[in-house]
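Starting off, we have a lone chain in the form predicted on its own, written out as structure tokens.
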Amino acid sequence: MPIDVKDLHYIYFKKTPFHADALNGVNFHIDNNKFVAFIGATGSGKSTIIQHLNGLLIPTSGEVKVDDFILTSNKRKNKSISKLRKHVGVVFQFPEYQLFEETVEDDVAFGPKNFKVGKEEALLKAHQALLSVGLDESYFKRSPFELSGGEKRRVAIAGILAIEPDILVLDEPTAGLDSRGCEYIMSLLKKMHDDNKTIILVSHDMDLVNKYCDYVYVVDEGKIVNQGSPKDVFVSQDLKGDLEIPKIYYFCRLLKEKGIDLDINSINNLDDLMNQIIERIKK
């Protein structure tokens, strides 16, 4: 399901003293089966953008098109939002705070039930989703509130997977997790991407974005100010706000400043970097 966003504007608290222009003419296109990141400083508009992708927010002006679903400021035309949410699942930052059922399986089954799936089929979908995120039968009857932070995050992701969306959107999916938990979640998303799902995430972790994503959009003051492959964005541009470039490229810059001439454009991973350093030392 391709995504086309054209001249998207969004205003919070319109016509009130708290009026705030969150998005100011956002345009982008995402093809099927892409792994895309939106990055930018806190408050730049990233989360506002992704909340438009399944109708959680409606454009103040402009258009959001997901396959044949179109969202505009004319709410009368936005009659298929519930169907759109079946295709585009959104996992919010710290989604574990939204768990509420008595058991893990009931929590994950809530989504399918909400789309009129029968109880037995909803539980089957819940079990399949839980297994897909690495939570076996021993978790099904447990309380979600007794789990670790990483396990809660996986339950939250399973809750979206159970509705079988084509597009999975995640806002800071690794926030608050240790390095092991971060790698597990990102590896899980990579597997879903390999299984032909489109993955869209908001993240402040540039190392993970660089490692896993195909394409990056840089958001600043409600606009997309840069875009391209991770290497294009991180090597050729300085990021604004509180964002840093991935450690591997930062290290390359430090080495170049020390007189070690590196071809950064040909460095994709740590092995590439080490090989270049060895070659330079031999010379």
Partner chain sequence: MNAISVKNLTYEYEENIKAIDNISFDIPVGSFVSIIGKNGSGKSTLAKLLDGLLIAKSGEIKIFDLILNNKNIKAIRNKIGIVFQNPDNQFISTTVEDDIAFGLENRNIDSNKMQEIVIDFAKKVNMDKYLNKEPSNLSGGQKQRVAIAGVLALNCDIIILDEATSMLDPKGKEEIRQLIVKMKQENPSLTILSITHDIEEAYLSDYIIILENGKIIKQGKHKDIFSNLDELKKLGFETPFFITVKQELLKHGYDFSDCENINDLVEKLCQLM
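Residue numbers count along the first chain shown, from 1. Computed from a predicted structure; not experimentally measured. Throughout, rigid core stands for the largest set of C-alpha atoms superposing within 1.5 Å between the two forms.
Below: the form predicted in complex with the partner chain, not depicted.
Within this chain, Lys197 is remote from the site of the partner chain in the model of the complex, having no heavy atom within 4.5 Å. For the chain shown alone, Ser179 is a contact residue for the partner chain in the model of the complex, at least one non-hydrogen atom being within 4.5 angstroms.
Within 4.5 Å of some heavy atom of the partner chain in the model of the complex lies at least one heavy atom of Glu244.
Shown alone here, Ile248 lies within 4.5 Å of the partner chain in the model of the complex, counting heavy atoms only. Only one of 221-229, 59-67, 27-35, 250-258 lies within 4.5 Å of the partner chain in the model of the complex by heavy atoms, and it is 250-258.
Residue His204 is the only one in 200-218 with at least one heavy atom within 4.5 Å of the partner chain in the model of the complex. Superposed on the core, the two forms barely differ at Asn265: its CA moves less than 2 Å between this form and the one not shown. Residue displacement note: Asn275 has its CA displaced by at least 2 Å between this form and the one not shown (rigid core superposed).
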